[in-house]
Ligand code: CP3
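Given as structure tokens, the chain that follows is alone and in the form predicted on its own.
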């Protein structure tokens, strides 16, 4: 029963003496088995769209570490790809898209074509039949603001200035883009749920660059709408909101988004987060990924600080952002042993 899975019960408000654990980007380049398989794919998108490969890398960290959850291996930019925007990934340079530079560019986007993402749903079907019975399955998408920032700039940027300028200059067109991404992302997540994922996470990786008014318009309201639509259509599926960099906004977000869990980034003091949120709210995080590279006594100390901060309340142990490629395998093993020692 999914209700018996520790991660899901934490999202429903249960405090565990030993918190359930998974790591963002746990299926990735720090694993030699991942690198070996990735080398056989023509491109990163081909890797994501080949169900046998995507399922295998989703399962690799579960076989090696037996985390409490597997997260679907895919990418947030499959949504614009399914809307007709050209998406590619350049080795060492990250994603490249045909930038949307005018309101006409927004108008030219196609309708969200979920059929183009059928390989993703096949991946889910393959994974769910192989997961251990106690491991939850997490699906995900990017939040509208973060996805839109890539669609406008055509690449990642340090401050998302292209998207912010577009929103100032072409407010109505940007609102239209956000609205379309809300609808497409909800459709995508519902299809993931129907294919077999048990939890979904919404990643707003670039929320922290937005001033208050823009944060409200382009981050908080769109995610609130997404969660409301998901709760209306698939009410039994827990939703995690990871709004990176919006630390001061956390208390308000936990009161209004109606998500089941909230991811905390590395910069946020977990003791403050605990003090400023209701005790039944499940918080996820927030070990510094650099401490996982450092290892040793420094890693032990940071793990203990996180565990102590969240003790006695619903908590999912995770990083404050994705695991980094240079992370030694033995440090991940050390982390798991320390968290699970009881």
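Residue numbers count along the first chain shown, from 1. Model, not experiment: these values are computed from the prediction.
The following text describes the form predicted together with coproporphyrinogen III (CP3), which does not appear among the structures shown.
Residue contact with coproporphyrinogen III (CP3) in the predicted bound form: residue 162 places no heavy atom within 4.5 Å of it. Within 4.5 Å of any heavy atom of coproporphyrinogen III (CP3) in the predicted bound form lies no heavy atom of residue 85. Not displayed here, coproporphyrinogen III (CP3) is kept clear of residue 284 by more than 4.5 Å at the level of heavy atoms in the predicted bound form. Contact annotation for residue 95: at least one heavy atom lies within 4.5 Å of coproporphyrinogen III (CP3) in the predicted bound form. This chain appears without its partner; in the predicted bound form, the one residue of 49, 67, 34, 310 with a heavy atom within 4.5 Å of coproporphyrinogen III (CP3) is 34.
The single contact residue among 210, 135, 71, 184, judged by any heavy atom lying within 4.5 Å of coproporphyrinogen III (CP3) in the predicted bound form, is 71.
Stretch 72-80 is the answer when you ask which of 246-254, 72-80, 173-181, 215-223 has residues with heavy atoms within 4.5 Å of coproporphyrinogen III (CP3) in the predicted bound form. Interface residues of 30-69, taken as those with a heavy atom within 4.5 Å of coproporphyrinogen III (CP3) in the predicted bound form (partner not displayed): 34, 38, 44, in sequence order.
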